[in-house]
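First comes one chain, alone, set out as structure tokens in the form predicted on its own.
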Amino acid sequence: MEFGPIWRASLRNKTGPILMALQIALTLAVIVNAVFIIKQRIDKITRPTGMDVDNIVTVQSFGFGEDFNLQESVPQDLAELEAIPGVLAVTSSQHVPLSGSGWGTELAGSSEDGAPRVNGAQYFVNADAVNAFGVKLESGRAFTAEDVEYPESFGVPISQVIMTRAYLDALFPEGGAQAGATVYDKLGNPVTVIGVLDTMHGAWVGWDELENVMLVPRVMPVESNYYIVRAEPGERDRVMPQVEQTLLATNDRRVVKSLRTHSEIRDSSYQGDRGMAVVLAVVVSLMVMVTGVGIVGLASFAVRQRIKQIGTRRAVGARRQDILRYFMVENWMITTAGVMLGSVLTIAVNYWMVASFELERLDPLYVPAGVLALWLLGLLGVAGPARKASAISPAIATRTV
């Protein structure tokens, strides 16, 4: 089987093969980059948060009236919520991780002027916060009731925190920092790191510093806060309505709202990423379908145009497998031309997306994987028309002359 004659024969009506090759090139560029982006979005959505998200209930409490004092109500609220059967731990917090809303801060690993500062999310919590979030303490210790502060204003310096390993490593890039390290706030006040968390995510899922989180043992003088209630596995849905009922019964000078599971909050924050992955998956499916239909159509047209030629070849001794191989090789050559052009186009499209949208560079392994997929699609698409062509007998071909 010579490639030269087959290629020259296909170029006698070159419009179809050229358009098919261009279609394959475009399909390769689109599906490779789209699949790469889909994989990134899936990795982002499924990355470990470090928290027991599936067993956490969150609720917001608003106090009203001049005699309402949130700092005084928190200890009683915690005690009542912890008494609910099926509850493992409870903490108050001014915001909820993964919610897209929170407070940030800047810390430095040195008190020297000009020391680089690193951003992180901070949560004002209670003594049982580590258990309430379900996070793993890598080293150091958790908070105790004696650690929790009730300041009268926001200006009181923080004395001790628990922070994530990612945040501590960012503050001390040379490595080796452990529990007991000292960091410094914006005013240069020292803060002792009494515990280090393995992993915990902050509020903003699209933030590059999502894992930079610190917990502060403090209840702020505000009118509202959240309660993070962690239930035993399988008890979350049963505990959930009791949380709201308990808070309302404990203090009638409050409004209870935003009762949600933490998994709902997480899913809502990743809704955009999930939607993009679905849209791109649909685009990939449509591109593959259109290209496959195009391959079948071009091959079927070629068979209809060459009935006399096929009959003549059969009459002079060509076997059915020779006819089948002819069309398979012809399609493979067209597909190969398309994927060669498509490989260049794929890299060019990715370079443009990296420069324009700050996306990650394409993993080089995706290109050969896409090439193999389109080769397989081409062979599958031409298989049906090629089998029909090989079934043409010399007698039928002669009657078409």
Partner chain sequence: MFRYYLKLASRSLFAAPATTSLMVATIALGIGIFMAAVTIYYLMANNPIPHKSDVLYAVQLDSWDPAQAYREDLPEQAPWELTYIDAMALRESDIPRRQAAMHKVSLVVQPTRVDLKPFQAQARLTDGDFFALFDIPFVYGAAWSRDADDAGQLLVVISKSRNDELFGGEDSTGRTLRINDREFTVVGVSEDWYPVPKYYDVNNGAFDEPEQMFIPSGVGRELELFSSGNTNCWKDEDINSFEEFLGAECVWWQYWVELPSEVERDAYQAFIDGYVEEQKELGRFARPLNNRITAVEQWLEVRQVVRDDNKVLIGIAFLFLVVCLFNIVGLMLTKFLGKAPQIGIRRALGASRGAVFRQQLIEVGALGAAGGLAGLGFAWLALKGIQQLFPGFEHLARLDLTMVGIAIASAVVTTVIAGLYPAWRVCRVPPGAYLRLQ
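Computed from a predicted structure; not experimentally measured. Positions refer to the first chain, counted from 1.
Keep in mind that the form predicted together with the partner chain is missing from the display, and what follows is about it.
Worksheet item: Among F36, G134 and P241, does every residue place a heavy atom within 4.5 Å of the partner chain in the predicted bound form?
Response: Checked in the predicted bound form: no contact with the partner chain for any of the three.
Worksheet item: Which of A179, A127, I84, M287 has a heavy atom within 4.5 Å of the partner chain in the predicted bound form?
Response: It is M287.
Worksheet item: Between the options A79, A115, V283, A145, which residue brings a heavy atom to within 4.5 Å of the partner chain in the predicted bound form?
Response: The residue from A79, A115, V283, A145 that makes the contact is V283.
Discussion item. Can you tell me which of 210-218, 192-200, 274-282, 168-176 lies within 4.5 Å of the partner chain in the predicted bound form, counting heavy atoms only?
Written reply: Of the options, only 274-282 has residues within 4.5 Å of the partner.
Worksheet item: Is there a heavy atom of Y150 lying 4.5 Å or less from a heavy atom of the partner chain in the predicted bound form?
Response: Y150 lies outside the contact set for the partner chain.
Fill in: Exercise: Q60 in contact with the partner chain in the predicted bound form, heavy atom 4.5 Å
Q60: yes, in contact with the partner chain in the predicted bound form.
Worksheet item: Does the partner chain come within 4.5 Å of any heavy atom of L187 in the predicted bound form?
Response: Within the cut-off, so yes.
Discussion item. Taking the partner chain as it sits in the predicted bound form, is K308 near enough to touch it, meaning that at least one heavy atom pair lies within 4.5 angstroms?
Written reply: Answer yes; at least one heavy atom of K308 falls within 4.5 Å of the partner chain in the predicted bound form.
Item to complete: May I ask you to list the residues of 339-367 that have any heavy atom within 4.5 angstroms of the partner chain in the predicted bound form, in sequence order?
Response: Contacting residues: M353, F357, E358, L359.
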